Structure formats: structure tokens, C-alpha cells
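The chain below stands alone and is given as C-alpha cells, in the form predicted alone.
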């Protein structure tokens, strides 16, 4: 029986998932015995579609390419349009709601209320939205348990690089004592360019031109993005909560070319390091630039790549490197969570 999906938000990430479903449809069916059907899409700008038998995803993407919206989709007598996000969640009959709206880490909205509505209706939630998970993890997990649903969020930390599932499954049996990583690709790109001789402002400008940095880069270069990801890692890896204000935060704006040059003479390289440590007195977290020795595996992470190291009592240090963003990469994170829902392997 097909697993029915509803997409709430149809930006880059959700479009990436649709592209993957189109590309991998046969392989998912033949190799994994899985079939995913998108029955609803809603986006405040691009419009909304609902068809209980499943939308034609090729036609969806053709409409988007030709008009920038869902308005050119060839509608049948079973196609419904005009639903907002909450009506879609309530009425679509999906097994899983894909929450892919923009990240708001001030109050988590509208993503947080989307997650709440889906879980209360007994629907699973898969999301790449950091806001709801960082701000309301305990509440959402409790809602899921009460209503017989599940919420998965692999893509919230390192996009399609499966760090949360790695910690929960592959590293099972270890005591993970510390997590330490480069969790923001924009800041790492800027520091990499500064290591090549650029000034901060020039490196930021290039990051913005290439689409790595927003017009307002505050969340990235001042360490807020990494701070939110540490909150998620605290829940997912250590099973505990750490408030954002408990995570010391320093960004990279104050790093000068002179500091970069001095670090080079000492055989070191600056990186923005996010760290969580489980101590006898509780969880300690920090985000700050560090001049790493060249033999530190994190010092070799260049450009917009991310990396994370797990300090394990049995396995030792395990480091995973991968992209922390990207259309297909983040869409893949959504797919993997959906596949694990179908497998009941969560």
C-alpha cells in the first residue's frame, strides 16, 4: 500500500524531495518494496493542490518551471485547490506530513503549529525545520506518543548527512561523551576563504553571491544556527535539554587576517566549532572560533562542508563529513526519514 505524503511548504527542500521521488520511484518499489504518493502540496506563494489518488509529480514540476507556481497543474475532477496549510493537514488523509517551511527560531512558527496539528491528527511528521525541534522537542515527542504518531528530523543538523541516525543506531552501545563539529557551512566557507587571504567582508560577499549566505547573515556568522543545532543534538544524542542561553556563543566577525596569519605560523587553522559535552555537572555547550591544530580532523574541512565528531568510550573518535545543505541533499534527508517510518525502524 502506498505511503501517502503531504508537503507543507514547497520551496527548495520539498522540491528536492519531489525530484528524488521522480528519479527513484522504480528503485524504491523494486529494491525496497516502498511506494510514496504525494497527495497534497500547499505553499502560501505557489498555491495548493490535493488529489486523494496522488498528484502527478512530473506535472507539478512542469507547472512550477513554466509559471513559478502550481497554477498550471492540469486539474481533474478529483483535484482540489485553495486549501491553506492547516486545512491540508486536517483533510488530506496523508500518513506523513512533510513540514518544510522556513526556519523561525524565535517562536518556531508557522512550522511548530503545523507539527502540532499533524501529530494531534495522528499523522507522522518529517521535517528539516530547526525551529520546532530546537524549541519544542519534548512537547512534540509527547504529542507523537499520545496520538500514535512519530516525528523524525534527520535533516535539521547536517542535511542529508545522517548524523542523528548514526548516533542512535550505528554507535549504539557506546557512551557518547562529547560531540564536536563544524555545523554551519556558511561560516566555514568564509573562514576557508580568509585562510586563502581574503578579508572577512570580501569572503562574506562571495558567500552571498554564491548563495551560501543570506542577505542578513547573522544566524550563520554569529553562531546562532550552530547554537540551535546543538540544542537538537542534545535531545537526539544525549536525551537531555539544553536552553539556547546555556550555550556560550561567539561568532566569526571578530576574526582578523592577522589572527589567520598568526595561526598559520603556528600550524593552526581557524574553524567555528560547536561542542556539547556531557559532564558530571550537566550538559555544557559552546559555539566559538578555535585555531585547530592541522592534525585535528576538523581542520581539514574546507568550503561549505560540515563535519561532526563523536567522542565514544568504545569506538573512540568517529568523524563524519558531508554537505550541510543543498536541494537534493536535504531532500534526501526527508526521503530517508520517510523510508524509516515505513520500515518502523526509528
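Numbering follows the first chain given and starts at 1. Not measured: the values here are computed from a predicted model.
Form predicted in complex with another copy of the chain: not shown, discussed below.
In the predicted bound form, another copy of the chain lies within 4.5 Å of some heavy atom of residue 328. The shortest heavy atom separation between residue 45 and another copy of the chain in the predicted bound form exceeds 4.5 Å. When another copy of the chain is considered in the predicted bound form, residue 175 lines it closely, a heavy atom lying within 4.5 Å. Although the partner is absent here, residue 169 sits close enough that one of its heavy atoms falls within 4.5 Å of another copy of the chain in the predicted bound form. The partner is absent here; in the predicted bound form, the one residue of 53, 319, 69, 62 having a heavy atom within 4.5 Å of another copy of the chain is 319. Screening 305, 292, 57, 37 for any heavy atom within 4.5 Å of another copy of the chain in the predicted bound form leaves a single hit, 305. Comment: 157-165 is the region of 76-84, 224-232, 157-165, 106-114 lying near another copy of the chain in the predicted bound form, near meaning a non-hydrogen atom within 4.5 Å.
At a distance of at most 4.5 angstroms from another copy of the chain in the predicted bound form, all three residues 313, 336 and 343 contribute at least one non-hydrogen atom. Along 1-35, a non-hydrogen atom within 4.5 Å of another copy of the chain in the predicted bound form is carried by 20, 23, 24, 27, 32, in order along the sequence.
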